[in-house]
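Next up is one chain by itself, shown in structure tokens, the form predicted on its own.
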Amino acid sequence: MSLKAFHIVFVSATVLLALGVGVWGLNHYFQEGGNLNLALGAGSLVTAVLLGVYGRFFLKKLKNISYL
């Protein structure tokens, strides 16, 4: 597996993890309240969006390099 392919898999996994933590944090905020749960959920969702933007930038930058 090339470094490019590994990078894509790793960024995708972190986006999914950040989305999961964001949904989990916001779910706890709406059920129990608490500013920490809100900050965790919102921060994780913002992180997921920023990682998605980074992933697109990475793919555009290395579009001429193969995945092998």
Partner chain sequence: MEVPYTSKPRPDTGLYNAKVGIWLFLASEVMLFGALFSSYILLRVNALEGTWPHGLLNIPIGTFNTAVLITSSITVVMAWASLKLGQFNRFKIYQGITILCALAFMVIKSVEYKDKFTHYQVWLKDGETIRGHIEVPGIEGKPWFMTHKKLEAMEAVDHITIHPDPKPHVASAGGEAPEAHKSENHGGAEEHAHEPRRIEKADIKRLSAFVPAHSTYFAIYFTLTALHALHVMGGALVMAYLWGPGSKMWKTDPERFTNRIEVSGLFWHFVDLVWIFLFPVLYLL
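Residue numbers count along the first chain shown, from 1. Computed from a prediction, not measured in an experiment: that's the story for all the values here.
What follows is about the form predicted in complex with the partner chain, which we do not show.
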Check V53 for me: does it contact the partner chain in the model of the complex (non-hydrogen atoms, 4.5 angstroms)?
no
Using 4.5 Å between non-hydrogen atoms, is L40 touching the partner chain in the model of the complex?
yes
Does the partner chain get within 4.5 angstroms of any non-hydrogen atom of K63 in the model of the complex?
no
Does at least one non-hydrogen atom of L19 fall within 4.5 angstroms of the partner chain in the model of the complex?
no
Scan 1-30 and write down, in order along the chain, each residue with a heavy atom lying within 4.5 Å of the partner chain in the model of the complex.
M1, S2, L3, K4, F6, H7, F10, A13, T14, L17, V21, W24, H28
